[in-house]
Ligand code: UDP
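Listed next as structure tokens is one chain, alone, in the form predicted on its own.
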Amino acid sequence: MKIVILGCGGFVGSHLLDRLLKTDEHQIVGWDPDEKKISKHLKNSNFTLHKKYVDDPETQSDLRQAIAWSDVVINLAAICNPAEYNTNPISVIRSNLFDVYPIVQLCVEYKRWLISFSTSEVYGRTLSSYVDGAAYDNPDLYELNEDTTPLIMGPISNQRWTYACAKQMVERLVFAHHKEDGLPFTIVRPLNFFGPRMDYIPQRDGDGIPRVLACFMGALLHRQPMQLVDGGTARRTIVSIYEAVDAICRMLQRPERANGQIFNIGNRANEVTMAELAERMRKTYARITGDASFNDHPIVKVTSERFYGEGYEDCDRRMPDTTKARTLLGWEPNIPLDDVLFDTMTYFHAEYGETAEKEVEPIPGE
């Protein structure tokens, strides 16, 4: 199969390349300005890397040729850092909507199958969160189904929703082109993929605020308090990157079942609140390091406004209905959360642990 992967050098893309390049079955052309996570593949004759952003004018001719040559285009390129949604909203909208639309148009022009990575954030907040006093006892009010659940965003002033809205608009564009122009498509809604090479560690190889796993991991590495945003009550399900990549490969192997579908890719069994995640992570790190003091590593509470800035609002719960992935793809995640965390955190400890303990002024909680 001839595959174009946009954003091939990121967390998901690097693991996808690991799987696809194990054999000679695929020829892959990728775009990504960063080759650090995929350096081992650069000499593979079945892989060609364009070390540029997909919106770079200098690469548009090459991109057109690659899409015309391909059987399938997998778009992973995105700004997907919650810290930027309300602090750099224009860049987030431009990157996730306007820079993506030309790719959609090329797939329409050449009738190429587009596997478009969206986000579970398109669901916004659950219906339960808007019902006064409602508990999570009615799945109709919180369970997320790809084809029937309404997508509920907060007010415009809460710019945290810029990412979700941009991704939702791309989904609607893709579906509209499918209906009007026959575009072959699959939309993937990831639900918290965890694994090695995920994100960056603040104060080490990136600035700003990464996603929750890296925030908590950075706090452990630097012996700073783990910060719970708004008390850590938000609920998430977590799935291993290896099982997530398996789902993508099953789509490639079963195009007749994947085409025209939206898939939630997540593990219902691995649901935790962010407070529970912090607790599990500090105990897991105590196991990895053999240092029992991490069992009582400090956890503090901060407001979302202090942590992310003005205009932030969170999704309360993301419990996916994964019936379609199970019935159409034969995909069922089985790796338990503790194993996912141990594998992921072992990688971060091996990568950063020996040099992480430098003097850093702790950030007090509220």
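The model shown is predicted, which means the values in this text are computed figures rather than measured ones. All residue numbers are counted from 1 along the displayed sequence.
The next section is about a form of this same protein that is not shown, the form predicted together with this ligand.
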Inset, instruction - Verify the contact flag for R160: yes if a non-hydrogen atom of it lies within 4.5 Å of a non-hydrogen atom of this ligand in the predicted bound form, no if not. - result: yes
Inset, instruction - Look up in the predicted bound form whether R250 has a non-hydrogen atom within 4.5 angstroms of this ligand, and give yes or no. - result: no
Inset, instruction - Decide whether F263 counts as a contact residue for this ligand in the predicted bound form under a heavy atom distance cut-off of 4.5 Å. - result: no
Legend entry - Exercise: M153 in contact with this ligand in the predicted bound form, heavy atom 4.5 Å: no
Legend entry - Among 251-259, 92-100, 220-228, 283-291, the region lying within 4.5 Å of this ligand in the predicted bound form by heavy atom distance: 220-228
Legend entry - this ligand: the contacting residue among H177, R204, R211, R125 in the predicted bound form [heavy atom, 4.5 Å]: R211
Inset, instruction - Identify, from the list I241, I187, M274, V108, the residue with a heavy atom within 4.5 Å of this ligand in the predicted bound form. - result: M274
Inset, instruction - Check each residue of 303-331 against this ligand in the predicted bound form and list those with a heavy atom within 4.5 Å, in sequence order. - result: F307, Y308, Y312, D314, R318
